[in-house]
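Next up: a single chain in C-alpha cells, the form predicted alone.
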C-alpha cells in the first residue's frame, strides 16, 4: 500500500482501489503472494501471476468476466462447497466485511486442491463507498498437512494417555498430580476429581518410598520398574512398578511422567507361591512319611527328615546319591525301568514295593509312590517320591502268610476232610482228605459242599443248598448232630458227620465257614463188625472168655458155659484160677505177665477143671485186649475142648506104631528069607547091598512113623539115609535148600535114591578119598499152579569117574523107577570129575 501511495495523482488523491487499477498490470506481480482485486460489483479486475498459479487457471478479466474469485471451485475447510457469491470476497464487496486469516479450499480445473489462507479487505473511496476489495491469499497446504499431522499425533498421544492399559500420571515438581489416565484411576478406584490435584505422597503406603522416588526424579534420574505400594480408594494396597523420568525446561524441573504397572496379582501369586512353598516345606519336614524329589537321572534334589531316618543317612549324603544307589540290587532293575517310563512320559505315576539297604547293611521294605511334575509344555521337571516304611508290615504279612500256610498245612495234614467257604458258600479251600472222601477234586468256587451228591441217612436226596454247611451259613450258626451220606462219582457212598462252623471277622461280620466231614464208615463197619463178633462169640462152640490184667473174668460166652459148666453170672467177677487145676496154678501168673507185655500167646494144650470137678483137655489161645489208646487192659482167652482129638491121636499113634512094628517085622522076615535064599557063592556081596537097601527103607519108615506118616522133612530124610554110610557127614556133605515137607511117597522114593547115590560115592566116588565132597542142593519152582522140587546131587574132589560098563539095579532105580514113582524127570551123569544127579518132580 505504501508503494501505491508513492504514485501521486494529479489534482486528487487516488483511492487505494484506483491506485491498484491504474497501476501497471505487472505491479501486482511484484507482491510476494497471490493477490487479486475485484470491483464494487465483485468483478475480477486485477490478479497477479502467483494468484493464477494457485488457481491453476487464468480467469478472463474481460467478457466473459468472473466474479469474486478466480478459482474453479471453493470449499470450506470442512469440505462443504462454498459458492463464489458466498465467499469472503463477496462479503467484502457486498458488505464491506474484512476477512483475516480465513481458510478456504481452492479446487483447480485439474481437480487438485490447496488450502488457502485469505486476507480480504474492502477498498473504499474518499467518501467511504466500497470501490472494490483486495484479496491476498497464500497456499497453506503444507502448513495444513503439518497441522493435521500434529493434530493426529496429538490425538494419538491423547488416546495413548487416556486409553493406555498401563496406569499413567503426571506429577508436578511440587509433587501434585497434574493428570492421570483411566488405567491409573481404575487401578486405584478414584475418580479424576479425587485423584488429580492431590499430592502423590497421599496415595503411597510407604512414605520413605515416595520420598526416594521424588528425590531421584528431581535429580533427573530415571526409575525403571521401581517397586512401590499404592493405597486404593477401598483401602486395599496395590503393588505397582513405577517407570518414570523427569521433564526439565531450561534446566528447571517441570514435572514427571510416571507409568504405573499393576503387579498386585503377581505379588499375590508370589506370596501365595511363597506361602505354598513354605507350607510345603513345613509339610515336608513335619511329615512322618519319606518325601523326596529327584531329577531325570534319579539324583535326589530334596529330601525330608523322615526320608533320611528311613534310609539311615544324612541329608547331605542323600543329596549326592540317586535313589538306585541305596536300592537292593535285586530290585534296581524294575525300579529303573519304571522311572525311565515316567521320565519319558509313558506313565505319570507308578508304585512299587522294594528293598533298601542302610549303611549298616540292614534291609528295609519301602512302598514307593512316584509321580511326575512337568512344565507347561509337558517336559519332565522332576519326580516326587513318597516313601512308606512297611518293614514291620512286611514282616507281619510274612508271619501272617506263614501262619496261614501253617494253618493250611495243618488242615492239609488232618486225616479228616476239611474245607472252607466264603460268606456266599463258595469253596475257598479243601484238603486231600476231602478229595479222598468225595472221590473227586472239587473246584474253587463250587458252592456249599465238596461232595458229588448228598443223601440223608434215610436215603432221600439232599440238595446241596440244604446241606448242613448251607444251613450254617444262611442261619449263621454252627450245625451239630447231623449226619449225611456222600455219593462219589463212582457210585460208592460214604456216611459222614459234618461239623460246619461260621467264621467272623473282628467286627463280628460273617466272612465264611469251615466244615469238617468225619467219615463214619469205619465206625459203622466197626459197629457191624462188633455185632458180628459178638454173635460169633455168643454162638461159638469154643469157650471165649475175657479177663482183666489181674485175671478177673469179665465176659463169659455160651461156649464157656457148655465147656466149664458155669453160667456167666456165676463166674464174671471171679478169678480165672477157678478153672485151673491145683497143680497148674503157676501157669496163670506167667500168662498175665506176658499179656501185660502185649505178647500174644499162641495156642497150647493144657487141662482145666469143670464146675463138677472133672478135668478136661483144652487148647488155649490168649491174646491181649487194648483200649482206644492202645493200652493193654486185659486178655481174651479161647478154650477148645480137645478131649476127643486127644483120644483120636492116641488111637492113631497106636495104629501107626503097630503098623510100623508090623512093617519092620515084615522087613526082618524078608531079610531072613533073603539070607537063606542067597546063602552060597557070591551071595554075600549082593546080599549086603540088599540088606543095606532094606535098612535104608526101614530108616525111612522110622522117619515117617515119627511124623505119623503125615510127611517128612527133606533134610531129615537126607541125613537119616546117608549118615550111616558116610563117615564124618558134617565135613563131607554140604546140604542147602529151604525147608520142604515131603509127602510120604516122595520121602520113601528119595530115601532110596539117596541110599543108592551115597553107596556109589562110598564105593567109587567122592567118599573114597579124604578130599571128596558131596553137595546136595534143592529149591522149589512154581509153574502152572504146581510146585516142583529141583534137587541136585553133585560129587566134587573124588577120583576120576568112569561110566559103568553095565547098568545095575541102582542105576535103573535112579533113572527109571524113581522117575516113574515120582512122575518127574531125572538126569544121572557119570562125569569124569564126579557123578551128578538131578531130579525135578511135582511136590503135590
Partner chain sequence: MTERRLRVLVVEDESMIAMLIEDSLGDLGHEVVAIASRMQEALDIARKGQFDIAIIDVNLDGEPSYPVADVLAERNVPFIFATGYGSKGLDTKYSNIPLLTKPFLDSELETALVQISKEV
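Residue numbers count along the first chain shown, from 1. Bear in mind that the values here come from a model prediction, so they are computed numbers and not experimental data.
Missing here is the form predicted in complex with its partner chain; even so, the following discussion is about that form.
Its partner chain is not shown here, but in the model of the complex it comes within 4.5 Å of a heavy atom of residue 661. Contact annotation: residue 724 falls within 4.5 Å of its partner chain in the model of the complex, judged by heavy atom distances.
Using a 4.5 angstroms limit between non-hydrogen atoms, residue 588 is distant from its partner chain in the model of the complex.
Residue contact with its partner chain in the model of the complex: residue 136 places no heavy atom within 4.5 Å of it. Proximity to its partner chain in the model of the complex, defined as a heavy atom within 4.5 Å, singles out one entry of 574, 706, 488, 94, which is 706. With the partner omitted here, the residue from 453, 456, 611, 699 that has a non-hydrogen atom within 4.5 angstroms of its partner chain in the model of the complex is 699. Just one listed stretch, out of 640 to 648, 115 to 123, 687 to 695, 730 to 738, contacts its partner chain in the model of the complex at the 4.5 Å heavy atom level, and that stretch is 687 to 695. Along 634 to 671, these residues reach a heavy atom to within 4.5 Å of its partner chain in the model of the complex: 657, 658, 660, 661, 664, 665, 667, 668, 669, 671.
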